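Below you will find one chain, with nothing else, as structure tokens; this is the form predicted alone, and questions on how it binds or moves follow later.
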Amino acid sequence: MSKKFKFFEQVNRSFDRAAALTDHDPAMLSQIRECNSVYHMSFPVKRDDGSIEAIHGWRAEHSHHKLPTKGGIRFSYLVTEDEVRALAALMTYKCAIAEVPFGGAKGGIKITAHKYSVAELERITRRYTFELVKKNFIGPGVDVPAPDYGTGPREMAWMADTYTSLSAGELNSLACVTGKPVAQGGIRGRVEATGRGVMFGIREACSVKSDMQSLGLSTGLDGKTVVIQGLGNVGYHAAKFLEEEGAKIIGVAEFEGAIHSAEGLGVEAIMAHRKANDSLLDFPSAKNLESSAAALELECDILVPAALENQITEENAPRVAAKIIAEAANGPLSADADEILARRKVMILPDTYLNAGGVTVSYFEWLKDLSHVRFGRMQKRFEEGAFRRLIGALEARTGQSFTDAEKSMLTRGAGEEDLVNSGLEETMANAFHQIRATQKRYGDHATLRDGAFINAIDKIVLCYDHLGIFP
């Protein structure tokens, strides 16, 4: 029988496995492992019908080795303190791997969002923000929330507005949260950042010839078969970008069920069908599966769990047929499942690396809010002028002319979204090769997850060394 799942314990099992491979001071490892601060709050909210409901929320700050701390806010009736602590820990390691200057944090409110009106959600969000302000758990240099499951730009705008109203005169107040609408201090490319980062990470992993040969696969994404679990913001964008790179989506799962077609499923067509029918089931030319969980066991090259944690456990791990598991969600594999699949030589791209696209672009948004200038504004026109002069010189030297279409393509300067996507690609590519190199340094018994945790631990230890806390 499967053991009861404790998310924070599972994260720490992965940490302990990796930490045991290092020679760092056990006291330092113990400090890194623990969650520094947890704030549990309860506050009353008036419903639209006049009734009063007590709302429970949490904010955990796992590590203060760098400030501010950073992490999302989720709205879910499944939110618990254990979950928030675990997700905050994952954020610490994720930020270290992606080399963004934050400690890890996470927050959550225990509600089922669709059961509340927009007005009620606004009251809940603003009161939650007020509680964070009172306890100094939010601020541009203190703790910077972002969207997560059940939240988005709207909720972040409410939080930013509430914080700003309570911190009159603070110049950088909009940097208190990220994932905001562009018109309210957000950044272009943030909405799709996590899904795009998932694609970049998978693409980078599939570019290593020796690794693909060991899995019996060719290099590149073209023609790879993919199953996606979860069509939320992350899953949808991951599927969309993977499809654009030539991968074939053959299976999709959501809470209402799952579909499969060996011939491939068009992502946009699935989304349109689901919007029209409130379900992805009965999609033309696809087969309905007996359950959402059945999609996890489809034969494919790449399985992308992009829903919630604990989706693959010791119970179903032996039936997973994918050659690569790309953890787009946080903690979709239990520690037992991870060990089972590692023994079978399945390549697992760990969540601490693969879904770092969101926090990476959140970092860019935070920088934008602190600098008070849009990326690209200072150099875009200058670049275009330089490119035009270069084209003119080439035409004069060669006697050949470029067409207007060619000139337009060749002289386009980089705008904000171009720079954001370039920075994200650079981050994901560098981080993959860092964790792979770390993994290889520790031999065949180490996994990419071990490599990711060791990479994060080494960087955090370096911070503590510079602080002189552990002589």
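One rule holds for the numbers: they count along the sequence shown, beginning at 1. Since the structure is predicted, the reported quantities are computational estimates derived from the model, not experimental observations.
Not on display, but discussed next: the form predicted in complex with ligand NAD.
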Let me know the one among 133, 157, 307, 337 whose heavy atoms come within 4.5 Å of ligand NAD in the predicted bound form, would you?
307
Sort through 369, 204, 148, 161 and report the residue having a heavy atom within 4.5 Å of ligand NAD in the predicted bound form.
148
Every residue in 74, 230 and 328 with a non-hydrogen atom within 4.5 Å of ligand NAD in the predicted bound form?
yes
I'd like to know if residue 311 sits close to ligand NAD in the predicted bound form, meaning any non-hydrogen atom pair within 4.5 angstroms.
yes
Classify residue 178 as contacting or not contacting ligand NAD in the predicted bound form by the rule of any non-hydrogen atom within 4.5 angstroms, answering yes or no.
no
Contact between residue 196 and ligand NAD in the predicted bound form at 4.5 Å, heavy atoms?
no
Any of the heavy atoms of residue 255 lying within 4.5 Å of ligand NAD in the predicted bound form?
yes
Out of the stretches listed (207 to 215, 391 to 399, 231 to 239, 115 to 123), which one is close to ligand NAD in the predicted bound form, meaning heavy atoms within 4.5 Å?
231 to 239
